[in-house]
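We begin with a single chain expressed as C-alpha cells, specifically the form predicted alone.
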Amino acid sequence: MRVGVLTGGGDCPGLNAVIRAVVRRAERHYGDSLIGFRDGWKGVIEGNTQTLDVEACRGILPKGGTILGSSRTNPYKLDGAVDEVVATLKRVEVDALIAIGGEDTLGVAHKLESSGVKVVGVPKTIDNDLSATEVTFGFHTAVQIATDAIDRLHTTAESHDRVMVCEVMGRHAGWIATYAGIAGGAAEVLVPEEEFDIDEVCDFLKRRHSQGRFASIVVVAEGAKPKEGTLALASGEKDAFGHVRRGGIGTVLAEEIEKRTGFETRVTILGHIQRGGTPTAFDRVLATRFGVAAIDAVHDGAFDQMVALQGGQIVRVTLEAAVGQLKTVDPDLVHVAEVFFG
C-alpha cells in the first residue's frame, strides 16, 4: 500500500515518535511506501509532500515538534479545498491516510469519509481533552515542564515574599493546570471547568499570608473563566476552527491580585515552552504504540476510526466518538487539589 501521513494542529512532544513508528512498522512489516504531507491539511490541499522511509526517520524519536510541520488549516473553511484534498490524494496515489491530531484535525478526517477518503486517526492534544482516550501523548511532557517551572518559581517567590502567577495551556480543560498544580504544590489552581471568584482567590491568599507564608503560587489555565461580572478579560482572535486564541489571563490575574491584596505579584506565562523539547519516556512509548497500532488499523481496513488508550490497552474507536465530546477534569480531581489550597 501507499500510505500518507500528516500532523495537524499545535505541535507537541511525541509527534516524531508516532511518525517513526508508523514508518518502521509499515516499511519493514508490510512493505508499504509512505509519503508525508507538509503542514497538516494545508499540505494535502497544496500537494506539498515529502518521502518518508526508515532512513529519513533515524534519530527523530527524542526530538520535539514534527518533521512534517503542522498548521491549523481547515479545508472546510476554504473554497474548493475539500476537492483539492481528494484530488491530491488521487494524484499521488495514496491508498490510505494517517492523520495525527486533535479534535479539529480528526474532525476534518471524519468529515472526509463522506468524500471517500480512507483515514485512520491518532489522538494528539497537549491539553489531554479527547474523551475517547485515557491520555494523549505530549500531555505528560507538558505537565513535567510546568511542574519544573513551578518548582523554580517557589524559590524566587520565597526570596522576595511574592505571589507568582503561572499561566499554563488549557483552552477548555484544565488537565495541565490541575496535574502541575498538585505536583508543584500550588496555593491555587484555576481551571476552565469551574469559574473562579477573584475575591475568593484574594481572600485565600490573604489568609495564607496571615499565617506567616509570604510566598504563594497560583496556577491558572489559559481558558480559566472568572464568574460573570467579577473580572473583565479581553476577547482574542479566532483561528480557522473558530477557537479564540487564548493567553493573557495570567497578566490580568496578577494585576488584580496585587491591587486587591497589596502583595507584590509577578506572572510567568509558559506558553509554547510546554510544547517544545524532548518528550518524556512515557510519551515516547505511548506515541510509539499509537503509531504501530495506526498502521495495523490501516491494513485491517479500520477506516474512520482512531487508535486510543483504554485500560492500558490500545483499542480502536470511531472518529465520531473521538471528537464528539471534550474530556474535562473530573471535579473529584479538582477537589484533591483544593485540599492544599490556602
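Values in this document were obtained by computation on a predicted structure and should not be read as measured data. Residue numbers here begin at 1 and follow the sequence given.
Separately, the form predicted in complex with 6-O-phosphono-beta-D-fructofuranose (F6P) exists; it is not shown, and the next lines address it.
Residue stretch of 151 to 159, 260 to 268, 179 to 187, 119 to 127 approaching 6-O-phosphono-beta-D-fructofuranose (F6P) in the model of the complex, non-hydrogen atom distance within 4.5 Å: Careful reading of the contacts points to 119 to 127.
Check for me whether 6-O-phosphono-beta-D-fructofuranose (F6P), as it appears in the model of the complex, comes within 4.5 angstroms of all of R171, H272 and R275 - heavy atoms only. All of them do, each having a heavy atom within 4.5 Å of the partner.
With 6-O-phosphono-beta-D-fructofuranose (F6P) left out of view, which of K111, K206, K225, R72 would have a heavy atom within 4.5 Å of it in the model of the complex? Of the candidates K111, K206, K225, R72, R72 is the one lying within 4.5 Å of 6-O-phosphono-beta-D-fructofuranose (F6P) in the model of the complex.
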